[in-house]
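Shown here is one chain on its own, the form predicted alone, set out as structure tokens.
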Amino acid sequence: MFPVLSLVLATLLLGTVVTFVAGRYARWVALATSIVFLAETAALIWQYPGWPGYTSGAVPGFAFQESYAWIHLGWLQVNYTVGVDGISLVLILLTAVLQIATVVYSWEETRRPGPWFGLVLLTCLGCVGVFVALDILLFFLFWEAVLVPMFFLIGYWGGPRRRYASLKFFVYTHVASIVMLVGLLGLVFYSGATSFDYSSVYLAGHGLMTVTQTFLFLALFFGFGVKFPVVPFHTWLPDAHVEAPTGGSVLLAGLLLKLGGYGLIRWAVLILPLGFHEAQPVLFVIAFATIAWGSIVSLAQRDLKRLVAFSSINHMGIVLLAIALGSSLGLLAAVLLMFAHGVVSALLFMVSGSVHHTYGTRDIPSLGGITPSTPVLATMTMVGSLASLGLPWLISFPAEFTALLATWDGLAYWVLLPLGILVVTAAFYIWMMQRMLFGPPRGIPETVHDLPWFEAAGMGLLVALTIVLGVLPFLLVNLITSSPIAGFPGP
């Protein structure tokens, strides 16, 4: 079998190395790498349902599997094992789209462009590694590798408080990673798994006692929950987003937050079903608290970027709620929500960056009536805002509708709580649009100009995806539900 996943990782690694040393040609190398990566991802999706080894290999339901001996020292059996199912493939697609959108949007980056574009590619490489890794040590190495480029993206290219924000981001997520690693190692040792491979851990984990599963699940939930982030582990996120450069915010919200949801599904919910069942009440309480907190605090924000950051906390709470339901419909909703939020939050962070570039401020009350002077920017703002509040025919609507349907199916009238919070979400986005886009002009410089082509192109790609997948959500649904290991029927 051709090692197609290793080829994808090698493409990103080679592109990253060349980009770092390419100097003024770094953007062209990054763009070429991104185009090849997107083409490889499209080829994976095209071949995925009919792949001959789909139901064979170490773990049924994973395609394009590769496994090579890596570290074999007595009891320590570590392999380079990779593979994808519909869930991970959808998130790889999200990575490919956001990588090329970020590269294009940042086209005129002049402050050390080689390291900038290299760190963007390195972040995406780490995310892809997390999504394909089927070995605990390999998964953890990729997981940690993502922290390093994001630390430097925030710490060097960020705002006035960039050092504080980058250090806070690193400390929070690294401490959580240590707890997560302890949980994963405990899963191997207590279950008696013969190796660190997902196949061995998956089978052995199901045989653990309920009490052991519960403690291990809570340790893993803490590790993954900080990366989500969920209340009360969310305080690093607003600071990181506000101080990060626009490209850093796009990758942070669009990709890094999804690592928490993916890790929770892949390495905790599916492997420790009894522990997950015991912890469900805790997950529901945290999910509802996260949804409510993110929405209510968003209402008080004047800074556009900070508003989008807190709304991300709200949306990640809905993802956690969908996962906590423990049903196939809930998992489908969670993955759809992660993809939709990745696209829409990236678009809105690009909007906030362009508003700051154009008008010199992100303060919402200081701006008004910007539509006549910057119609393209206003259009991007409206599409992103309407998509985030769940307008039909845009990408978030099928995801949020599926989440509400799954909540009604699992919790009956408790669905009224997230439904009511979605009304609050609509309120703060409508308030923002009413203030910024309409009414008499306010805070508009005489030399104002609309979006440059590269910012419009980066956002335009995300707008197109928002509309296409809002109208044709089955393109994602069919891919996600072809994952029998997650409880779906498969192809």
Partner chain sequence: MDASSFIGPFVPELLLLGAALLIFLLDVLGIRRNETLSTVAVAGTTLALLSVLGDLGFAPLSVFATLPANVIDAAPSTTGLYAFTSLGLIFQGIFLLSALLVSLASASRPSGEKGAPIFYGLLLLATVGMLLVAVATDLIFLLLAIEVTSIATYLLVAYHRREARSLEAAMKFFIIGALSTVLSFYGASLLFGAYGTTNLVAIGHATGAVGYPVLVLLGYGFLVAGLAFKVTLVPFHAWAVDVYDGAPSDVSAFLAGVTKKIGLFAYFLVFLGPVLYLRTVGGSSPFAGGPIDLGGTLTITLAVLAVVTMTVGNLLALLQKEMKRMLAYSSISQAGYMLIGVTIGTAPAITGATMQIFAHVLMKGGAFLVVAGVGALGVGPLIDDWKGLGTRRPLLGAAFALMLLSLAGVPLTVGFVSKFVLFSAAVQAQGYYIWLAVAGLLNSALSVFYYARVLKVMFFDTAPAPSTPPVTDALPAGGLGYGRAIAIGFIAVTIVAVGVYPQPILGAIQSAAQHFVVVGA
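Numbering follows the first chain given and starts at 1. Just so you know, these numbers come straight off a predicted model, no measurement behind them.
A second form of this protein, the form predicted in complex with the partner chain, is not displayed here; the remarks below concern that form.
Residue contact check for Tyr190: one or more of its heavy atoms lie within 4.5 Å of the partner chain in the predicted bound form. Mapping the unseen interface onto this chain, Tyr156 counts among the residues with a heavy atom inside 4.5 Å of the partner chain in the predicted bound form. In the predicted bound form, the partner chain lies within 4.5 Å of some heavy atom of Trp70.
Taking the partner from the other structure, the partner chain in the predicted bound form has no heavy atom within 4.5 Å of any heavy atom of Asn314. Annotated contacts: Leu203, Phe228 and Phe233 are all free of the partner chain in the predicted bound form [non-hydrogen atom within 4.5 angstroms]. Among the residues Phe288, Trp107, Phe276, Phe170, the one placing a heavy atom within 4.5 Å of the partner chain in the predicted bound form is Phe170.
With the partner removed from view, the residue among Phe284, Phe397, Phe151, Tyr359 that has a non-hydrogen atom within 4.5 Å of the partner chain in the predicted bound form turns out to be Phe151.
With the partner omitted here, the stretch from 264-272, 175-183, 402-410, 289-297 that lies within 4.5 Å of the partner chain by heavy atoms in the predicted bound form is 175-183.
Residue Arg112 is the sole member of 97-134 found to place a heavy atom within 4.5 Å of the partner chain in the predicted bound form.
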